[in-house]
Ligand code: CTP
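Just the one chain here, laid out as structure tokens, in the form predicted alone.
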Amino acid sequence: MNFWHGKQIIIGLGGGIAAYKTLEVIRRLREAGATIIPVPTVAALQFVTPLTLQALCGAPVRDALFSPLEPDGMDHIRLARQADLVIIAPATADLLARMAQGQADDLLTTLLLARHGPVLVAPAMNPAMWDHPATRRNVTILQEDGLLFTGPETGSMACGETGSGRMAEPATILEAARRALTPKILQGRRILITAGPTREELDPVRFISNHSSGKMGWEVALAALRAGAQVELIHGPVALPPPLGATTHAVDSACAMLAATLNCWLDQPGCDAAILTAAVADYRPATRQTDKIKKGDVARELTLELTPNPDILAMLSAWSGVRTRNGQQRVIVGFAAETGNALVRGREKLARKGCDLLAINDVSAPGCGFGADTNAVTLIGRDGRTADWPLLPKEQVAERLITTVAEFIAHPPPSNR
């Protein structure tokens, strides 16, 4: 099911030009299945009209603290309690100040004072206003009160200046909102994830690689971040923007990925789990040519001598002396892209690799190939248990996997090592 389906979101708008970007946040949330209740300040209605908000939200604008349409006069209490999330975007300097002081002089600030659920704040203002000590104090107060912040970003402003104060982009706000509502089952955990392909160079212009897009690893990283984990993402060459909040390590070759992986796994404080989704090249050229290989310099057929690459999953699993962290067993999860007899080959691979869990997918099956947005996975454990997951969006596969890893960390099966 879509994450946002059935969620009720209050969008509180402050009086700033960035309110036009909030309209895109509203549009995306509503398309995803959320119910939107717009609560603008008086100043916000100088930048966006009630008719625009009502048309986009599909709901009437709530902007009156005392409304004859509400028979009990308790609209602020009802709104504060029934919403899954309140998003304040844009949060102007004035609105932040009123929130920090606990003022309740309009519907938005009144419902915030009655609110005990999550509140996400997206500030937007001139850089000088954002840097002012009063604003910084107000932000600190609100953070200590438990409010969540996203942004502001650095960039050009409507006033023509450049600096920190630009409201976060709609996609960033939506991701922050999702994280605000996701249970923190990996809070305080550090998760190592590998993703994407590796490249093994033949010469300065040619390489051996595979079709991996990195999408599965990216979704696993996002799911871990949403669950509250600190994420170390080691990835090969991909065309994907870095997941917000992850520490990323870009590498090219299998040997470079091994070095980065072992560095993260063996450093202090170490990682609680490793999820290796990367499609690592099994072989590399025995010799890398320093100059481009010319057609005229070789015969009509070119023979390449290949040498095996290190097996990252097997090597990580073999470090039996560092399989615990803070007295708890660490989890190692591998991925196996197979074609034909995938389960049989997967069980053989699990025995060879020595990992705790292995996610097997048949890349020749419809909807499961490299670069697809969906995947069908069979998860097998070293205890012999098997779970068949149907064809799902990779986002949902990642969520299931992160839930499984969190349960494994909390309640590991008896070790047979």
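Since we're looking at a predicted model, the values are computed, not measured. Just count from 1 along the sequence shown to find any residue number.
The discussion below concerns the form predicted together with this ligand, not included here.
S.K.: Which listed residue (Ala229, Ala278, Leu95, Leu192) meets the criterion of a heavy atom within 4.5 Å of this ligand in the model of the complex?
M.R.: Comparing distances to this ligand in the model of the complex, the residue within 4.5 Å is Ala278.
S.K.: From the list Pro237, Pro127, Pro310, Pro118, which entry has a heavy atom within 4.5 Å of this ligand in the model of the complex?
M.R.: None of the others qualify; the residue that does is Pro310.
S.K.: Although the partner isn't part of this model, could you tell me whether Lys349 comes within 4.5 Å of this ligand in the model of the complex, counting any heavy atom of the residue?
M.R.: The answer is yes: Lys349 has a heavy atom within 4.5 Å of this ligand.
S.K.: Would you classify Arg62 as touching this ligand in the model of the complex, given a 4.5 Å non-hydrogen atom cut-off?
M.R.: Contact check for Arg62: no, nothing within 4.5 Å of this ligand in the model of the complex.
S.K.: Find out whether any non-hydrogen atom of Lys353 is located within 4.5 angstroms of this ligand in the model of the complex, and reply yes or no.
M.R.: So Lys353 counts as contacting this ligand.
S.K.: Answer yes if any heavy atom of Trp218 is within 4.5 Å of a heavy atom of this ligand in the model of the complex; otherwise answer no.
M.R.: The answer is no: Trp218 has no heavy atom within 4.5 Å of this ligand.
S.K.: Using a 4.5 Å heavy atom cut-off, which of 181 to 189, 287 to 295, 140 to 148, 330 to 338 contacts this ligand in the model of the complex?
M.R.: The contacting stretch is 330 to 338.
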